[in-house]
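Let's start with one chain on its own, the form predicted on its own, as structure tokens.
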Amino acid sequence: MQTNHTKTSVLPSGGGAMLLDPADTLVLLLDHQSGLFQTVRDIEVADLRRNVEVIARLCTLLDIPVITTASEPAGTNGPLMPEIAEYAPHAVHVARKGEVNAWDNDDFVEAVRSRGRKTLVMAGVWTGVCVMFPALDARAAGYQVYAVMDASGDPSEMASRVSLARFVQGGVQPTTTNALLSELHRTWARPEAPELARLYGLVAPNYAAVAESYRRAQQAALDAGQ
């Protein structure tokens, strides 16, 4: 079994003490399946998929482990979206035996425990079921749990609002893809900065336009000075 990492991102000033620590974070992507996507109504499916892609890319870039699982991938719920395997090839997939709640599957729980990390970031479809159930059970097992709301989907706005309320009541911290990206990023003074900037352009397309305008203005200033 792997042990907890001792490296920390908390600064001497105390900055980051309440934020995600990349060295202690494990990402769980739950039931992002093609059949279930067709039932999502609280977020545009294209946005949902793009946000999951950003998380997969981020985990690869920052060397954060990922576990995926799917309920009945050969049945009506459909296969997992292929972008996860494409952009997070290091992700470990755990097959389930029909359990709706991934935390009911011993192999899944052991895969989580074996990583030795106590902070779990979860996203999935449906939010109020496939994310909610293992999130609450993980909290009961002593984990700190985050739910990425815009990388998850529910069959109605009402279901999404109830999911959010129940997360908060159960001690699960809701977050967004952009917040997750920024929280793990922490500083532009790092070698991955250019790749991280491209991820911001995916999660917030208008930011990509800002970056393009800035680069063009810088180039124009250089051209004018020559």
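Here the structure is a predicted model, which is why all the values come from computation and not from measurement. Start at 1 and count along the sequence shown; that's the residue number.
This protein has a second form, the form predicted in complex with a further copy of the same chain, left out of what is shown; the following refers to that one.
- Though the partner is left out of this view, residue 88 does not reach within 4.5 Å of a further copy of the same chain in the predicted complex, counting heavy atoms only.
- Using a 4.5 angstroms limit between non-hydrogen atoms, residue 82 touches a further copy of the same chain in the predicted complex.
- By the criterion of a heavy atom within 4.5 Å, residue 98 is counted among the residues contacting a further copy of the same chain in the predicted complex.
- By the criterion of a heavy atom within 4.5 Å, residue 143 is excluded from the residues contacting a further copy of the same chain in the predicted complex.
- In the predicted complex, no residue of the candidate spot (53, 94 and 195) has a heavy atom lying within 4.5 Å of a further copy of the same chain.
- Contacts between stretch 87-119 and a further copy of the same chain, counted in the predicted complex as any heavy atom lying within 4.5 Å, involve 97, 98, 99, 100, 101, 103, 104, 105, 106, 109, 113, listed in sequence order.
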